[in-house]
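A lone chain, given as structure tokens: the form predicted on its own.
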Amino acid sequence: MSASPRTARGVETRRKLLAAAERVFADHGYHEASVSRITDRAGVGQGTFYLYFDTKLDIFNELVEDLNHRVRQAMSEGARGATSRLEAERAGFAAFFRFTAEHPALYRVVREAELVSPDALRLHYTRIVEGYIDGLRDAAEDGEIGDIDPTVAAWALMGIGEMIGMRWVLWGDPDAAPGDDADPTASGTREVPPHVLDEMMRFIGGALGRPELAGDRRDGAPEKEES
């Protein structure tokens, strides 16, 4: 079990180790990662690692929890100030995509958790969904969305966001000429194009029973051609 640091310096060292683990697990995967690679990247000795974490699996589990906390915080802050459920959905998804672009390790770490640490995987998704369920239930009671099962809707919405993020943030747009797509982030990934977010929200608006609130494309979004 990881130890909690008692000093500000200890907190900073622990944070450096988690940041290093994020990059090492993203670059090499769990099985090729090692404590020595993590400590080399963090700029600390291997002995220092064991002051805070017992094993490689220990820091991996802690990283899953840390990424989960940060992505939920980013989504919550992004949706703050929204005046409707669909506005909150759009702002929350946009914040999720930005976080994914800045932290591409999120996808690889979470996917490896399926085999490496199934409990951490389950915890990651369950924590995200829990907040969704309450918001959707309140929105349904207020008449903002249709009469839907909030639990089913929450899991479905999470799946939509994860797949859209994988396709357009991690993979980018293979058909775009250089400079035509959104600017790459420091990680080399890209933003979700505005028209993709528009179409995603049109789909979600229909699924939530309020297509009239999500049907307007933003300026500059391409219209579908008539067949």
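Here the rigid core means the biggest group of C-alpha atoms that line up within 1.5 Å when the two forms are laid on top of each other. Numbering starts at 1 and follows the sequence shown. Note that this is a predicted model, so its numbers are computed, not measured.
The same protein has a further form, the form predicted together with the DNA, not shown here; the description that follows concerns it.
A.B. asks: Sort through 170, 33, 200, 67 and report the residue having a heavy atom within 4.5 Å of the DNA in the predicted bound form.
C.D. replies: Contact with the DNA in the predicted bound form is made by 33 alone.
A.B. asks: Would residue 51 count as a contact of the DNA in the predicted bound form, using a 4.5 angstroms cut-off between non-hydrogen atoms?
C.D. replies: Contact check for residue 51: yes, within 4.5 Å of the DNA in the predicted bound form.
A.B. asks: With heavy atoms only and a cut-off of 4.5 Å, decide whether residue 10 touches the DNA in the predicted bound form.
C.D. replies: It does: once the DNA is placed as it appears in the predicted bound form, residue 10 has a heavy atom within 4.5 Å of it.
A.B. asks: Verify the contact flag for residue 56: yes if a non-hydrogen atom of it lies within 4.5 Å of a non-hydrogen atom of the DNA in the predicted bound form, no if not.
C.D. replies: Residue 56: yes, in contact with the DNA in the predicted bound form.
A.B. asks: Should residue 45 be classed as touching the DNA in the predicted bound form when contacts are defined as heavy atoms within 4.5 Å?
C.D. replies: Yes, residue 45 sits close enough to the DNA in the predicted bound form that at least one of its heavy atoms falls within 4.5 Å.
A.B. asks: Quick one: core overlaid, is residue 45 moving 2 Å or more at the Cα between the shown form and the other one?
C.D. replies: For residue 45, whose C-alpha is compared between the shown form and the other one after core superposition, the shift is 2 Å or more.
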